[in-house]
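The chain below stands alone and is given as structure tokens, in the form predicted alone.
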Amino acid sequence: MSNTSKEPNAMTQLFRTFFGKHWPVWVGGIVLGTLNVLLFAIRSPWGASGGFNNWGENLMSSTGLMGLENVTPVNMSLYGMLAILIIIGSFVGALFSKEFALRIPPKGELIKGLIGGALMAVGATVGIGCTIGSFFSGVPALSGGAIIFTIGLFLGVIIALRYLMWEMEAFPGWSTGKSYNFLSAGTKSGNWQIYTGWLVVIAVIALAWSYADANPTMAWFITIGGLMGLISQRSRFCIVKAFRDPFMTGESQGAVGVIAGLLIGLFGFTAIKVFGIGAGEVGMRAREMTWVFPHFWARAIVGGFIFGLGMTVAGGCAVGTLWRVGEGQVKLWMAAIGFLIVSPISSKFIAPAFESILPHQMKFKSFLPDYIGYGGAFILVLGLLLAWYSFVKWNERTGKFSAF
């Protein structure tokens, strides 16, 4: 007797292809890089710290703290909504794969999440951007400051990694203890997660549709944000992993995924800037200078260093924090809370104080094509990415710079 009737239909097979197992990180990087180019073509590139800051400003405004006025409501902020939709998209990805669960780690890890999030907020406001805005989008935008910010990230990650290794040896009890896991699903149970995922998808479609006429740009950001969250969760895309793992375990998958996304962004962003795509309303020069921030060089190196410390301690970068929130990792909930609370405080007090002591030569916009042309800037960034790729693959093979 034939068993064909027991075989899953074509749509079930397709669903299992996407949600039966995790995707290679490089696949996630390529798709996220493509969506980032699409965001830039529509309005402006991907950023994450702006979303955290918008949430924090709304929180402070609603409680009457800090005297903030004219704060953009979250539902009218492109980046506030983009960050929310990344969480929701990750939630959907975790539900469809039956991976969602409330994972509560020991108290020490929760504290490190909060501290790491606070450090990321300071780093993002001082350095004018995070691992997404000042790195994943800033480097393809041909910003000289983004390259300096990247160096700061590397230094911060190395120092924080050394601290964590010392902590494990000297004070192992700080991050050990009882942990909890709630709402997890088994292989043959937990179908409620899949059904809930479909309900959330319907809600996201309805939300995007509600903006379609009055604010089509927001509708696109909602749709793309949801996709970015889902893709990040399925591919485990995280920039802290790209910077940390080569020096900790020697693994290169995270770095290769990020490099793939940066390559896609480099080609797309360069084309948009060279041909002035979308420059009609703002002008050619403004379009060229998109995502080139006044942080070269001191603000970038200091901000990147502090952010690198924070993301390593927290265990998640800006986007890594968002999608891990969506799949239920409570340590990263604490990181998000630390980020959104400290971000408006740092924006109002810490970053301006630091900026005030810097001369113009240490905090200006550095657009690489102004110095070496578009061709030279493109080749420079491409060469740096290829050098990074060669290093992580060599280190994976030799273990020369791996801690263990």
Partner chain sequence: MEITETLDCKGLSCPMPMMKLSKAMKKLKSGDILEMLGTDPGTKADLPAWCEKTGNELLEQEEIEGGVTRMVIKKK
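Quick caveat: nothing in here was measured; it's all calculated off a predicted structure. Positions refer to the first chain, counted from 1.
The same protein also has a form predicted together with its partner chain, omitted here; what follows describes it.
Open item on the list: I'd like to know whether R287 contacts its partner chain in the predicted bound form, with contact meaning heavy atoms within 4.5 angstroms.
Closed with: The answer is no: R287 has no heavy atom within 4.5 Å of its partner chain.
Task: E169 within 4.5 Å of its partner chain in the predicted bound form, heavy atoms - done: Although its partner chain is absent here, E169 would touch it in the predicted bound form, with heavy atoms inside 4.5 Å.
Open item on the list: Quick check on G315: any heavy atom within 4.5 Å of its partner chain in the predicted bound form?
Closed with: Answer yes; at least one heavy atom of G315 falls within 4.5 Å of its partner chain in the predicted bound form.
- [ ] State yes or no: in the predicted bound form, is some non-hydrogen atom of Q329 no more than 4.5 angstroms from a non-hydrogen atom of its partner chain?
- [x] Q329 belongs to the contact set for its partner chain.
Open item on the list: Just to confirm the contact call: exactly one of 69-77, 321-329, 201-209, 223-231 touches its partner chain in the predicted bound form at a 4.5 Å heavy atom cutoff, so which is it?
Closed with: One stretch meets the cut-off, namely 321-329.
Task: Of G268, G190, G278, G250, the one that lies within 4.5 Å of its partner chain in the predicted bound form (heavy atoms) - done: Going through each option in turn, the one that passes is G250.
TODO: Select from the listed residues M81, I264, A219, I104 the one whose heavy atoms reach within 4.5 Å of its partner chain in the predicted bound form.
DONE: Answer to the contact question: I104.
Task: Candidate site H22, T176 and K241: all three near its partner chain in the predicted bound form by heavy atom within 4.5 Å - done: The answer is yes; H22, T176 and K241 each reach its partner chain.
Task: Residues of stretch 365-396 in contact with its partner chain in the predicted bound form (4.5 Å, non-hydrogen atom) - done: Result: E396 alone.
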